[in-house]
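Here's a solo chain for you in structure tokens, the form predicted alone.
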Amino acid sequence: MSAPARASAVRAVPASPIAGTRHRPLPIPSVRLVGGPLAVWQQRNGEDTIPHCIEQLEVYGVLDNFRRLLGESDAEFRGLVFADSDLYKVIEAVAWEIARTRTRAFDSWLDDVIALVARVQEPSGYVDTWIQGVAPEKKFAALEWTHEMYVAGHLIQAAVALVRADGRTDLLDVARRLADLLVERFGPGGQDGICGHPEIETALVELYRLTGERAYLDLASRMIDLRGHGLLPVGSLGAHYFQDHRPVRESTAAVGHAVRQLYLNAGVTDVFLETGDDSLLRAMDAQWGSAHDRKMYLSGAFGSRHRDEAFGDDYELPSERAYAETCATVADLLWTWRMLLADGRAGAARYAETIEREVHNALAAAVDATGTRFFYANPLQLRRDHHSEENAPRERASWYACACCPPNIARTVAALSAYVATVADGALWLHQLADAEIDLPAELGTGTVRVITDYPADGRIEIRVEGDVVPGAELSVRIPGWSPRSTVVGPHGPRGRDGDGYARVPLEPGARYVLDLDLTPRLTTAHHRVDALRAAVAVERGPVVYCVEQADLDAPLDVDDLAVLPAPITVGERDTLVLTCRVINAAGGLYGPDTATDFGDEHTVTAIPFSTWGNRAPGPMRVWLPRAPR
């Protein structure tokens, strides 16, 4: 194992400044989540989720798929064609955990699994256990289904993460041989080919950023240019499913398989960040509006159709049939972060607020309080008689036959601190309001910014500047759109929310700033075109979406018979809310005359954060409730 000095543990940092880009990420070790719910989550992820994922790789045969190729296992191939990617995502999770904590607990496991992958790799650089052991005749011959480049992408990202986190290059050696094979096979003058499941694009850009090898960036650009020209035999699913229906620069709507679209967009935005190709950013601006202004669930989830795991039409957002795959939220977080880095037109606030919504709601709901049970689909309503499906069960599962989501959660949570702050325009930008310590980058000083808060349970955020700061440096603090009148109060008086959604204050040694956000619970309505949510409301407090769960209702109350009254909402114990509801008379036929709804008595009911539902007993749950007249 080669171990040069540890590289900077940064996610998605452009190799060179591009006109129109503003923000630069900070290394993961430079931003430490030290308190509050995100720090607790990261600790649980490192102590419970990652070890659980490692254990499941053995239980479900992922490592045996490698061993059987070496004659070290008699087991048949197990899992789906892309099972190798589960291993690579877990390796990436371990890498970011090393960057975060400097733990050495996973070293021997890394030694074993990286050596295993290296021994399976062919002299050409090719490595994919399903192709090598089950269907060698399909090597690069059925790109619409084999996921070969998708798997390669996750291998490359794991390798890059290990170098950035720990200076470890043994997996990078494997990844570069595979990437060089892809360049030789699919680069200029080679085969025209794209993967049915995008992911390789962003991985190649990250490898370029690490190594400086231009061929990797050029291949990512070429694959983006080739998409939308009918290279994939799409079959009954149609070209939209694969995002092969239209060239990327002409695609203005988020369509098809949600995870594939969002991973593709992350790669496209990465190529813009490196090349400055403005036509790519224009397409991504349009796509971002399509996905977030017309197709995103309130929780920060995506994908309204179980069939094809796909985006639906504009405003097609059914609560109980939401597919809302966890991986789609992860993919969008990766894309939205890159759009924030490219900020120069729309402003960073809308991207930062989307990341906040995703982290505190859809992503948090996808894993239980033990860190070892997961949701694949994340509906916003569960009916009493919901038919449990393999990837949409009534309760969380410890693993899945298609296990893409659990390790995706693990790698994302391990790297959460990457999304807290950036440096741009001579200022430290605080995007996520979390209890954290942030080491200033060299151009701003050698000090630390300490953020002290119990947000989002409490709206008070205190910021202290410690150590040396470069004269003239500034601090930009995001003030959420749901609390627009809040101000950052410091030595120079209050500063309010500018047009870009941030309050800008001097970054001075010893300075202390306080931001008090309005966390008054509020009722939210959906756009009138969302037919599934007409005359319904949801409850939010700060960035947190709430739901009513049957576990909190006394018999005979049923969550599906509640209607919210326009009465004050109060804060209860343990971050719960208390709503006033009336009971709808559930008697009568399926249809009847157009008469006034028969409401029963008033009741106060408890609402809990959507992120915590399903931790007690499986049962009905609703985010959106009908609105009742007084």
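The shown structure was predicted, so the numbers you read here are calculated from the model rather than taken from an experiment. A residue's number is simply how far along the shown sequence it sits, counting from 1.
One more form of this protein should be noted, the form predicted in complex with a further copy of the same chain, which is absent from this view; the next part is about it.
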| query | finding |
| --- | --- |
| Heavy atom of each of H431, R485 and D516 within 4.5 Å of a further copy of the same chain in the predicted complex | no |
| Contact test in the predicted complex: D435 vs a further copy of the same chain, heavy atoms, 4.5 Å | no |
| a further copy of the same chain contact at H387 in the predicted complex, heavy atom, 4.5 Å | yes |
| E274: touches a further copy of the same chain in the predicted complex, heavy atom cutoff 4.5 angstroms | no |
| Residue contact check: A535 to a further copy of the same chain in the predicted complex, 4.5 Å heavy atom | yes |
| a further copy of the same chain in the predicted complex: contacting segment from 226-234, 121-129, 290-298, 407-415, heavy atom within 4.5 Å | 290-298 |
| Partner-contacting position among R478, R176, R209, R321 - heavy atom within 4.5 Å of a further copy of the same chain in the predicted complex | R321 |
| Contacting member of S398, T370, Q191, T525, with respect to a further copy of the same chain in the predicted complex [4.5 Å, heavy atom] | T525 |
| In the predicted complex, residues of 296-333 near a further copy of the same chain [heavy atom within 4.5 Å] | M296, Y297, L298, R305, H306, R307, D308, D313, D314, Y315, E316, L317, E320, R321 |
